[in-house]
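In the form predicted on its own, a lone chain appears below as structure tokens.
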Amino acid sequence: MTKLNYAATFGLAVALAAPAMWAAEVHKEARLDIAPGGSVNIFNNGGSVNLHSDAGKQVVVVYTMHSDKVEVDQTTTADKRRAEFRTHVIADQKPSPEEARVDYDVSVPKGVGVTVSGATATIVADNMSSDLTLSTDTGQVTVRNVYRSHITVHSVAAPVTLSNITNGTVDVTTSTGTVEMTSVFGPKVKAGTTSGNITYRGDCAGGGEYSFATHSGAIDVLMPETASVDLSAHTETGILQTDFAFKAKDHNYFTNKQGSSFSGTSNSGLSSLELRSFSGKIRVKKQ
């Protein structure tokens, strides 16, 4: 009996040891040469992806795996113009969401474009000067301190937050996720949702085109009195409110209607600002 009990106890200890080994996490690093103006593609369904710029000439990727049921494949083209990292589940494995997680920290040279795709991945891009294409279904997307870049974000329900975007071309689309923008300006800034709310805080600077649209969500725009915009706002069944002293236009492509439609200018009307909602509320407030 003593031997049997010992064997059973030993077997249980071995069984428990395997997951315990992975509780400590496994970190790996990859350094790949990348051509100027090249691109990096990252496919990661779960976990996180943190992006930032680096002064070097290599893509440096540090990734953390939480189980041995997934692995990361990495490839690069012969001309060094494209590098790819792809997380995938090992055949016949059925990891839990926690076991399937891989967390990436990615440094890219300035001017190298980055594409990130995932299902639940949380994506953060900070202090970059690179074109970004970011896509996640239910994770969160945060982009901040990005200069002179094309930024494209797609989500299903993921909240999207952008701040301190300078001279950027921005295009955000989401179904039910919220979109929050603070100090975002450039030649074209666009956000569209189905039912998610859109909030913009800033002065719509740069003489650009700003367009925010939602079907049933609310649109809130908070601007300083010095903002120079040419406003066009319309909601089909919702409510339009503003505390700006806009100068109404003599000629509009739609009829101004108290509480639902308005077209006018503030200051010299340097930038165009178009707001559209079917049933949601539109509010333009002084910041």
Partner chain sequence: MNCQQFHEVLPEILENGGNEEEEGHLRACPDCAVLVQDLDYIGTQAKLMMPMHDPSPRVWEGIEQSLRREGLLQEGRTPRLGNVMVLPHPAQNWTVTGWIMAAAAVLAFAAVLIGYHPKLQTGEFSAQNSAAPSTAVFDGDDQQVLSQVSHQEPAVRQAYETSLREVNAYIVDARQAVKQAPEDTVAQEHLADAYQQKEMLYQMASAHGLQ
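Numbering follows the first chain given and starts at 1. Being a predicted model, the structure only gives us computed values, none of them experimental.
Keep in mind that the form predicted in complex with its partner chain is not shown, yet the notes after this line are about it.
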{"query": "Candidate from 93, 127, 77, 175 lying within 4.5 Å of its partner chain in the predicted complex - any heavy atom", "finding": "175"}
{"query": "Option touching its partner chain, based on a heavy atom within 4.5 Å in the predicted complex, out of 140, 133, 195, 199", "finding": "195"}
{"query": "Partner proximity in the predicted complex: residue 45 to its partner chain, non-hydrogen atom cutoff 4.5 Å", "finding": "yes"}
{"query": "Heavy atom of residue 122 within 4.5 Å of its partner chain in the predicted complex", "finding": "no"}
{"query": "Contact test in the predicted complex: residue 54 vs its partner chain, heavy atoms, 4.5 Å", "finding": "no"}
{"query": "Any non-hydrogen atom of residue 66 within 4.5 angstroms of its partner chain in the predicted complex", "finding": "no"}
{"query": "Candidate stretches 105 to 113, 152 to 160, 68 to 76, 202 to 210 - the one whose heavy atoms come within 4.5 Å of its partner chain in the predicted complex", "finding": "152 to 160"}
{"query": "All of 58, 81 and 84 within 4.5 Å of its partner chain in the predicted complex, heavy atom check", "finding": "no"}
{"query": "Within 213 to 245, the residues that have a heavy atom no more than 4.5 Å from its partner chain in the predicted complex", "finding": "213, 214, 215, 234, 236"}
